[in-house]
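First structure 1, then structure 2: two forms of the same chain, each alone, as structure tokens.
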Structure 1
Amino acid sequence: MSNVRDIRRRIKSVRSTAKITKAMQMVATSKMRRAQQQALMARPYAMLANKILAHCAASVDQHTHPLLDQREVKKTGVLLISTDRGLCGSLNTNLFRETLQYDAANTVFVTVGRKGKAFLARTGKKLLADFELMENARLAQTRKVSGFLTDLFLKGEIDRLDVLYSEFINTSTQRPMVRQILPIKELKALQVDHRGNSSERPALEKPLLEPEFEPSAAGVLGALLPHYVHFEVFQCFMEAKASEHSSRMVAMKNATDNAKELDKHLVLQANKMRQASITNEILEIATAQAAMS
């Protein structure tokens, strides 16, 4: 009977774990829906901003602004956006694998998320700065990160800025993505389909009416480019949050389902052992009665 008691103890532990993972799944589902809506709602804005910048760039020399300065890449800066907590499947593992493509000697990292900071510390990569952002951080909060990185580029401390984050595809699919932010590459208009996915047009379509810019196209371009960088970093942050909550919801759902399957297996095993024990006791009683008669 000691084995039956051990199995019953395991059943109690598995059921307790299932309750925890179920609760975490419900919380992640609630956060996931809100994060997905925010990420998808920002994509049309990004499309319009790219379209305006592309029309401005078509009217001026794109090499007149320092954020467009293409120079030899001697030092690369990488903004690594990871999660603060675990239990989100292989999201962080897939993301950290992408850091191997960078030369450690010529790369400096800036992190958002405690998991990324811990990973860089374990692997001995150079961490330049770490930022902590709230769960529902807005553009005003992420501007601190993008402003810090922009200053590094303008001062010449880095020659290129990449953002490494998890791109949200759908609830069950997220993929690590590397997006070059600085220097800003050739500006192209973006188009967004009915699912919210964006893609670059190969060339600008000439508008029916030539747009007019006040005070000038160059002035508008110079004013919008810093905001463009800030919003690109903010968009990456929102994509990463939507991916995190989606991945955690799926991981917790799988954990809950596995716990329920294990619970069924353990209950069946306990019942078999209990029935076997009862059968043995009946056989012992019958054998003893036969011996006495």
Structure 2
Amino acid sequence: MSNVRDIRRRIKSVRSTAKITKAMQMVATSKMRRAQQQALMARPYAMLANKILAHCAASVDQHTHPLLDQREVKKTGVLLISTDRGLCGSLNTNLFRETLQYDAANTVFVTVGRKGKAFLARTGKKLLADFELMENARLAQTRKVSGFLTDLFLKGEIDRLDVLYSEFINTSTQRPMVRQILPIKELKALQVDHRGNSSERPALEKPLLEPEFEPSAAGVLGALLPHYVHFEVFQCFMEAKASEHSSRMVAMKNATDNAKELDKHLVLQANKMRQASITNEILEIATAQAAMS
């Protein structure tokens, strides 16, 4: 049977845990806000890119570009975007479940995030490369990853490229999502809304006037397509980041709530025991007095 001192010690430990989880929750909240802000900043870029893309696509009849090349899929490349750290609820677990749909024999993985790397190593999947990105990665950094993958596709080492990441739906919901990046199936508009969400994407708008191109519409389109890929991958990263932080925020909020609940329970128990021991002592004194007189 635990005594009062043991319970007091537990209360202390539960309270300090609650303090830590509370702090982590707050950090995750601010990081999530920053991730959303960053997604918002990318919006003018996406809009202008769309406009130029729409002009090019309208002026080029024959879409022939290596990045549009539909081949028979013998080997699939998957970019798995997971988190570096844990304590973010079921985010990574849900994500990893999706990897099961790929046939291990003809799939190669590229990872970003330590958790994904560890998972693939544990399950013996083919891991081609692992990239480490900083907390608030910019396009210049994610471009290393997308450039590497585009190269693989162009060299014919993979015939399709999927990105597996956590889609950010809202603060309490994130969903694992597979997005095919290469070959580019259809030129869809790039879009970023205020949450960094990019699930609904309208087709490109048809431009009214046909502009001049220098050197040529096909040339500009050809140069723009790699950027299109870079930006799509960048978007996936931003969404994955927003998902990670909001998932962690919710997980930490639950942890804090649970700790508070436990704390309440323990305090009650400690008080009861204290009362019981006081009652006992009084009883003892009373009995002793009665025996003496």
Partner chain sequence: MPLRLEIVTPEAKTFDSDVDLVVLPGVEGEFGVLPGHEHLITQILPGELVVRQNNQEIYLAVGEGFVEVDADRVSVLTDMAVNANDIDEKEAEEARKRAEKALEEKGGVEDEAYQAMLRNSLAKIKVKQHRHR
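Whichever C-alpha set is largest while still superposing within 1.5 Å between the two forms counts as the rigid core. This is a predicted model, so every value here is computed, not measured. All residue numbers here follow the sequence of structure 1, with the first residue given the number 1.
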Selected structure - criterion: the form predicted in complex with its partner chain: 2
C-alpha of residue 285 moved at least 2 Å between the two structures on rigid core: yes
